[in-house]
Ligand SMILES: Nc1nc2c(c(=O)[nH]1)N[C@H]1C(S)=C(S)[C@@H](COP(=O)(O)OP(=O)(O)OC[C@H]3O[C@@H](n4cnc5c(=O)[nH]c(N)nc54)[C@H](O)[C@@H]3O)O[C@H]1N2
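Take a look at this single chain, the form predicted on its own, given in structure tokens.
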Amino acid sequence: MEIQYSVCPHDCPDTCALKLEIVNGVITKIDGDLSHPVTRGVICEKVRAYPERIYNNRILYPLRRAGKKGSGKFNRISWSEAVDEIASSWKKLISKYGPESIMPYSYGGTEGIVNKSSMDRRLFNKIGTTAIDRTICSAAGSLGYQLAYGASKGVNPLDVVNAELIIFWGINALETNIHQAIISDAARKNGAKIISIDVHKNKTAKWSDEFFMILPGSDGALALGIAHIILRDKAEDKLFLDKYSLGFDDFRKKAMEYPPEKVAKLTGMPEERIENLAKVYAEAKPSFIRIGNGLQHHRNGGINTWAISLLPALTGAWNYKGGGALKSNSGYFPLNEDALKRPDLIKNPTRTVNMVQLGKALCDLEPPLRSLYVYNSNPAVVAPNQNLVIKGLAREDLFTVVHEQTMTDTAKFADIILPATTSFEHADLYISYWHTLIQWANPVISRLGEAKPNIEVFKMLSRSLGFNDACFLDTEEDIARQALDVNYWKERGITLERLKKERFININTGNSPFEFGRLSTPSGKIEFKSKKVLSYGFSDIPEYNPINYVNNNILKAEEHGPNLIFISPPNHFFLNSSFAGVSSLKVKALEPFIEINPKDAEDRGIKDGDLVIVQNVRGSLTIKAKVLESVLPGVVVSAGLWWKDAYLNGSGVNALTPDDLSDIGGGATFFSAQVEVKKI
């Protein structure tokens, strides 16, 4: 047996360092790396099951479709046949319809810098394809936070051990950010209090010292209500605000419009609990808010996040080590994006499609898309308005290529499937959007079958298309060096050579993430008022808009139809749709179900365990009901993202979700779906 080390590549904030036991070239066990200051030997159940993902049901060779799209019938072909067919098809499409008839589709299936966003961007820029706006996960909330502070930086999570109060707002950390929960538990042993604010009594809510359950999308109202009480009671940090903020006086006036009695009606939370929450938050020094992804997946998610982000400025929480907030820490990792992606290769401006609206792009875009290249994603499961996406993928005149590890729901609709390596079979550079360590991982096992990493496939395609630019010859190490070619890394003495030797390096973030008064906001200050928001058609001061507020218009009743709000949070055993094909994890996850409040169940004659249809204008879901008080009346919850065959009618949760865009940032609005539930 030998011991090797790697990094978890998935779209998760923890970006864990892994220790692997390998016997005769086969990974037999995966643990967390004890020497890593964040991972400290702890990893999730999903990654512990990774050997099953590596060695079972892998796509090992290039395949060509042999049956109807979606049937999953394919014949083996060679790599040269596959690449020649792709290049030949693209050349014909470009000649007849232009390069914009082709579009890539990818997201965070791998978080490795090299294989996520380098050679792929270069190739599609060189071709001049339709561009994709990758906003599906965090765009709305990231922009909301940046409105306040300018950059995606927050508290160093290791410093949270110093906090006196920790609030998990819209994040089920025990299932999606486990090491933040571990650090917070250490703070609790030092006397800290842990609070959870969410729309669903999930594992983190049960584990917290106190849980505040609110109606979906009402987060902004609650934040403004907390601000109202702090300002009413003169508990704000006047010195901090006078020195470092812009627009505070206007914000004060807006907050006065949200007294507890009004906020109670908007959030579904009793007045006295709102008062108590605001008081506890104002008095705690230091206080920390972990802002999750959940709340930003509403139509009002961006501005709601802005309102929450301002609370630490209101109380001066940033004055204390471990105090403040954290939405994303990706701002600690500046990369040479131009060198990575080579935007200079674009000859002419191209159209852009928001990835949230893939179904509309495949079915309605003019002139039509004629070819789709999918990698690092499984849009047949993860994209909203699933039925429209499937309709588009089923088009016989759409030439679809999927580069994938296993036979996903999307891969079944491919004309050509290319076998992909796992992160254990190729090298890559990793950064986190939560902790502050940069990491490098070498391949630790031989590639299975004929699998190849993204970078190599795009290099093969570039050669077949006749592109001879020097950038298409770069290796993984070349690209990693280019990514780190900025003064930020040079000043810290962080090079690829050092990373390869040390495996991970912790960035020194100092006592505060910001030099207040010199922020990267337009004013250089914390902005309680932002001219930028005016360009989106909203007030320049944070205010609450209901989730049926789209494009500045309240939807009419017949448009949003049913009156139950449908939430589809992450599943404990899956990460987005990854791991949903791993048999042992499917067994542990049991089966999909929907949680419904007893009052709503009684009104509909639904009993615990009944089979129900969940439906709206986009689609339906056949699923078992669990009658629980884990949600408020008017709300139903079903964890995703199971693959389609896990459901009795072959439709997943995203058959119900809208492809509307968020208020700002163009993000997804998964959690603003409205449905009706009927007993079968």
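A residue's number is simply how far along the shown sequence it sits, counting from 1. Being a predicted model, the structure only gives us computed values, none of them experimental.
Another form, the form predicted in complex with this ligand, is not on view; read the next lines as being about it.
Exercise. With the cut-off set at 4.5 Å between non-hydrogen atoms, does K459 touch this ligand in the predicted bound form?
Worked result: It does not: once this ligand is placed as it appears in the predicted bound form, K459 has no heavy atom within 4.5 Å of it.
Exercise. So in the predicted bound form, does any heavy atom of W440 sit within 4.5 Å of this ligand?
Worked result: W440 lies outside the contact set for this ligand.
For this session: Indicate whether this ligand has at least one heavy atom within 4.5 Å of a heavy atom of T406 in the predicted bound form.
Result: T406: contacts this ligand in the predicted bound form.
Exercise. Is Q180 close enough to touch this ligand in the predicted bound form, meaning at least one heavy atom pair within 4.5 Å?
Worked result: Residue-level check for Q180: no, no contact with this ligand.
Exercise. Using a 4.5 Å heavy atom cut-off, are S152, S309 and S662 all in contact with this ligand in the predicted bound form?
Worked result: No, the candidate spot makes no contact with this ligand.
Exercise. With the partner removed from view, which of 575-583, 494-502, 71-79, 360-368 is the stretch that lies within 4.5 Å of this ligand in the predicted bound form, judged by heavy atom distances?
Worked result: Looking at the partner contacts, the answer comes out as 575-583.
Problem set entry | Heavy atom within 4.5 Å of this ligand in the predicted bound form - the one residue of D237, D198, E476, E100 that qualifies | Looking at the other structure, the residue within range turns out to be D198.
Exercise. Since exactly one of T130, T421, T315, S142 fits, which has a heavy atom within 4.5 Å of this ligand in the predicted bound form?
Worked result: By the 4.5 Å criterion, the partner-contacting residue is T421.
Problem set entry | Any residue of 620-650 that, in the predicted bound form, places a heavy atom within 4.5 Å of this ligand | Just L641.
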